[in-house]
Structures are given as structure tokens and as C-alpha cells.
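In the form predicted alone, a lone chain appears below as C-alpha cells.
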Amino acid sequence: MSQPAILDILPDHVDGNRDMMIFGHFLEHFHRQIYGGVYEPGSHLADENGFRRDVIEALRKIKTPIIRWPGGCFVSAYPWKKGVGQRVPYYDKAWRVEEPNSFGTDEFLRFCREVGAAPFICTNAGTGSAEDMADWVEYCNLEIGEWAARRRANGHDQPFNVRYWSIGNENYGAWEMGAKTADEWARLVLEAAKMMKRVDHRIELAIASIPDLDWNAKVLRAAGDLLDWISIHGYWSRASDEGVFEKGYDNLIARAFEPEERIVAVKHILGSLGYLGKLRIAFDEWNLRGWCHPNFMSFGPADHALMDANDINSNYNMADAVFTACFLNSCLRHCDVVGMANFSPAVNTVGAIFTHADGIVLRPTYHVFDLFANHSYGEVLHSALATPSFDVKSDDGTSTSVRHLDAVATRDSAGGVMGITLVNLHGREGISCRIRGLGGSGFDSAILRTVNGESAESYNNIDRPDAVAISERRLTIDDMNDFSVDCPAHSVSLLNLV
């Protein structure tokens, strides 16, 4: 075990308050996320609405607060009006498959109600118009008008009252249908935001963006006063066009704090443009792993069989769990500006839950969400961490220094109970964390819950569903002002003090 880390906690100094929406998730019409994922009519595991009961139960268990839908690249040519009422299958130009179109707005909103999650609808800013986006708000939220009447005709008398909306997905990128220049984007955002908020002024609007000052300057100067959120995305490991996922724990974990760098960059941009404290960051697509979608940018036939590589559970191990914990810790550290994050996706592809004909597999990342959602708390306390680092070499031969431990302290403002997340990034060595500053806090019980497996490459599968799981043990602490906790290699721990 290496030199210990030291975490000094200042319980009288609250840095901010966590928004539960940082534990959000995302669904797109891609591969098996919708069909064969959350929605599988005819399955013995589905309810009367076609939703997988086991998936709903799993999402409820981690208190899923918000779900973003329907994309993703899919949304930039999604004709939402054809996805309500009478349905006709159509060709999806993003993923080049036939979209059954049997899961649309009504089904998504019903699914969110079943999960207990707020819906977050991402609109088509590619082939769609500002009027299409405003009509979608009318369909969901109004009691009068043509599209409200269509909703009632479809069996929904009362408005759905969808609060969270996004204008577009990744329209800054050449890969996106309906890609825009910064000037084109600023104009569309202004008109869309204006029309959507005239339909329902209560909604909260996000816009697709990137950590670029010039890009944001144009759109925020045009429409910033009509917006509530700025959306950013991030994936840090790409699968090859042959369907091969990146291996090597050290190479992957070296990127664990790159999301935080992106958060800080956007935070500075908001500050420089006068929007810090006015707009919040929604990191509404993120994962260590990028999706396997071979030949996405080519114009030949898509090889959909290679997308099945997304279903290989051995691709997702303790590197994914540790990266996920560091991402969530980064959101907690910047809770003053990060109010939402949506793990991409919730089910299948590179998601936290894998479905099969007879049940589900909870991948390592799922258990990290379980720890954070159920055992961390609302107040983020000020703390100072001194930790040793270790060097890892990337495939290109460059060396990166990685902190051995990452930690955040949270507290329940009502009950005073505390949750301290301790993430050991090292793949082979444990580390002890010395925790100071809690003397006089009145704690008399300590429970340590840890997500881990036998090795850094441990993963869960149909035949071994608990190779990575949460273990729990009660600790005896004699002096709350100065005590130590051992953190095994490649682990995510959450210490609860009561």
C-alpha cells in the first residue's frame, strides 16, 4: 500500500448543494436501447404497456431523476409528429435502419412516469423548424390549440407538463444532420426559444454547445436571456470500426478528470460572457465509452452486425466504474454550475443496464449510481485532499500523472448524516485515506460500502451477474477527528457516518 492520502473536511463550510439531476440518464433510438431495451411488447418480462418491468425496477432503485430522449443523432431527422397517433414505420437516416415508430412521445412520457423520472425532450434542430419545436411543446403542455387537441384525441386529456427541453443535439458537428455554423445556430436558437417559451413560459430550455468561447458568444448574445441550460457532451474512449473496444485499465483511467476540465472550461466561458449564475451546465451525454457505430460517417451500407459489440459485457469493467465515480465527484465539486448530467445511455449499448431474454445484468457503472444516488447527500462540504499520484503510459508512449485517490464529502442538511466518496484510481495498489476534522460531529456509526471486483478487468455477465457488486461492512472508529479508511485497488467506496 502506498503513502496514505489525507482528507481534511470542514463541516462548517458548505460549498454548495447538489442537484439530484446529475444522476440522470439518456435514451436514444439506437441499436437495443428502446426496442429490446426499455420497450419489448410480447416479452414475459414486459408490463401491459410493453415496458420491461425489470428495467423500470432497476432505474427506480437508483432514483433516476431525469431521462433525456429521443437523441442523440437520431433526433436531428426525427419527425416527432409521425410518432403520435397513427404510426407508420420510416427510414432513420442517422443509423440507417427502419424505425418501427411504435415508441414515441406518449410512450416515452408514460415510461418516465413509471420510473418516477422527469422527462427531458431533445428537439429536432436538424431537419426540424422552430415551429415544429414549439408545436411539440404545445402537444405536451397546453390545454388549447391544434396539437393539444391531437394529444387529447390520442387519449391524454391532461397536459403532460414537460418542464425540460433542449434545442438540438450536436448541431455544431459535421456528423450531425442539419449541422449549423455558429451564426446559423444563433439565429435558429433565438427563434426556437422565442416560440417555445411563447407556448409555455414555464419550460426550461437547454441548447447544444461546445467548450468554445466564440461559438457560445454568438448564441448567448443572441438568445442567452431566453435560455436556462447549456448542454455539453463527452466520450473518452472510442470503439474501432471493427467493433473492438479499448482495453487497458491504466490507459482508460488516465482520462478520469478530463470531464472536469471540460466543466471548468465551460464555467469560465459562462463567466466571461456574464452568464455565470444565470445558466447552468447540463452534461447531458457522457460516458467513458463511445458507442460502437461502425462507418457512421461513410455513405456506404452500414454494418449493423458490428453494433452487437456494444452487447459484450466484458467490455465494461472496473475502469468504467472508477471513471463514472470520478465524473460524479467532479459534478459535485462544481455543483454551483453543474445541475444536470445524463449517463449515455441507461440501457444496453454502453449503458449501465444490459437486457437479455430472461432478465438484466447490472454493469459495474450501475452499482456506482446506486452508491451515489442512495448514500450521498445534498450538501457538498468543503474539503482538502492531499493524495499521492502515479504515472501511467498511454499507447502512444506519453506519460500521464494520475491522482491515486479522489474524494468528496456530502451531508444531509436535515439529519446531519454524512457520505464521503473515496475513489481509488490505481489498478493494482490499495491506499489508506486519513480523514480529519469531524471531531464533535456526534457520529456513532460508520458503514463502508464498496464497489469492486477481483481485478481491474472484472465485469458482470449473464452467468456471473455479481462479479462486481457492492460489499458492505461496519467500521469501528474511536476518534472521529482523525481516523483512516483502507481503499482497495480499482475501487469506489462510500463511507456513511451516522
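In this text, residue numbers run from 1 along the sequence as written. Here the structure is a predicted model, which is why all the values come from computation and not from measurement.
As for the form predicted in complex with a small molecule, it is not shown, yet the points below apply to it.
Contact with the small molecule in the predicted bound form, defined as any heavy atom within 4.5 Å, is confined among 257-265, 125-133, 192-200, 233-241 to 233-241. Scanning N342, N424, T365, N169 against the small molecule in the predicted bound form with a 4.5 Å heavy atom cut-off leaves one residue, N169. For the residues D320, E138, E285, E99, the 4.5 Å heavy atom test against the small molecule in the predicted bound form is passed only by E285. The small molecule is not shown here, but in the predicted bound form it comes within 4.5 Å of a heavy atom of C73. Interface residue remark: H293 is counted as part of the site for the small molecule in the predicted bound form, having a heavy atom within 4.5 Å. Interface membership of Y275, defined by any non-hydrogen atom within 4.5 Å of the small molecule in the predicted bound form, is ruled out. Proximity of W175 to the small molecule in the predicted bound form falls within the 4.5 Å heavy atom cutoff.
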